[in-house]
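Only one chain is given next, in structure tokens, and it is the form predicted on its own.
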């Protein structure tokens, strides 16, 4: 199993062996703890539930605390599930750190994108707007026609229009691991990662190798 929960700390830069500058995103990845192991016999599939981020017990419900106490774990704020092969599953209560990854590996990072609020079609979908000349005065960023009259006589569902932008699940695929610091639980991946500083992300082995 190769998967961790982490917190995005921000961006930095490192130099590779050839002296080339690489922009990296620093993630505080773990330590994570195995809260539950799901098996084919009981749940119908094989997976591991990891917990991350210790908090005070008064900030959790009794059901959440009882779930973690079964694995003899302290209160953890975030729980995420990772599919594993049946023979590779660790035991409940085990600690998982950044040392499961190595520099040069490819990973997928899943996070929640920054919220942009209500935005128009130009920013949200890349519309080019109306003409800037020929007498028009207020159509520079307008979306234009959204449909015809008789046929179909309505606006199709999913029409790209102005609306809420951001705060959606985004996956950055095939990012290369540039830095692994097991002492400080830091993971550096080349390139950008979705979400703001302090946002929670999931790091897992790249699906497309």
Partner chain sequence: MNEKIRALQAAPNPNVPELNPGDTVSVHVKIKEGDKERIQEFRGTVIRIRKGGAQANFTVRRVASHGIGVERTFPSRSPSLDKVVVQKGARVRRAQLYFLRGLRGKRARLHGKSEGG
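What you are looking at is a predicted structure, and each value in this text was computed from that prediction instead of being measured. Numbering follows the first chain given and starts at 1.
There is also a form predicted in complex with the partner chain; it is not shown, and the following applies to it.
Engineer: Based on heavy atom distances of 4.5 Å or less, which listed stretch (42-50, 150-158, 66-74, 22-30) is in contact with the partner chain in the model of the complex?
Structural biologist: Stretch with heavy atoms near the partner: 22-30.
Engineer: Counting only non-hydrogen atoms and a 4.5 angstroms cut-off, does residue 169 reach the partner chain in the model of the complex?
Structural biologist: Output for residue 169 is no: heavy atoms all beyond 4.5 Å of the partner chain.
Engineer: Answer with yes or no whether residue 10 is in contact with the partner chain in the model of the complex, where contact means some heavy atom within 4.5 Å.
Structural biologist: Residue-level check for residue 10: yes, a contact with the partner chain.
Engineer: Within 4.5 Å, heavy atoms only: does residue 200 come near the partner chain in the model of the complex?
Structural biologist: Output for residue 200 is no: heavy atoms all beyond 4.5 Å of the partner chain.
Engineer: With heavy atoms only and a cut-off of 4.5 Å, decide whether residue 56 touches the partner chain in the model of the complex.
Structural biologist: Residue-level check for residue 56: no, no contact with the partner chain.
Engineer: Within 4.5 Å of the partner chain in the model of the complex - does that hold for a heavy atom of every one of 78, 204 and 205?
Structural biologist: No residue of the spot touches the partner chain in the model of the complex.
Engineer: Considering 179, 37, 162, 60, which brings a non-hydrogen atom within 4.5 Å of the partner chain in the model of the complex?
Structural biologist: Spelling it out, the residue with a heavy atom inside the cut-off is 179.
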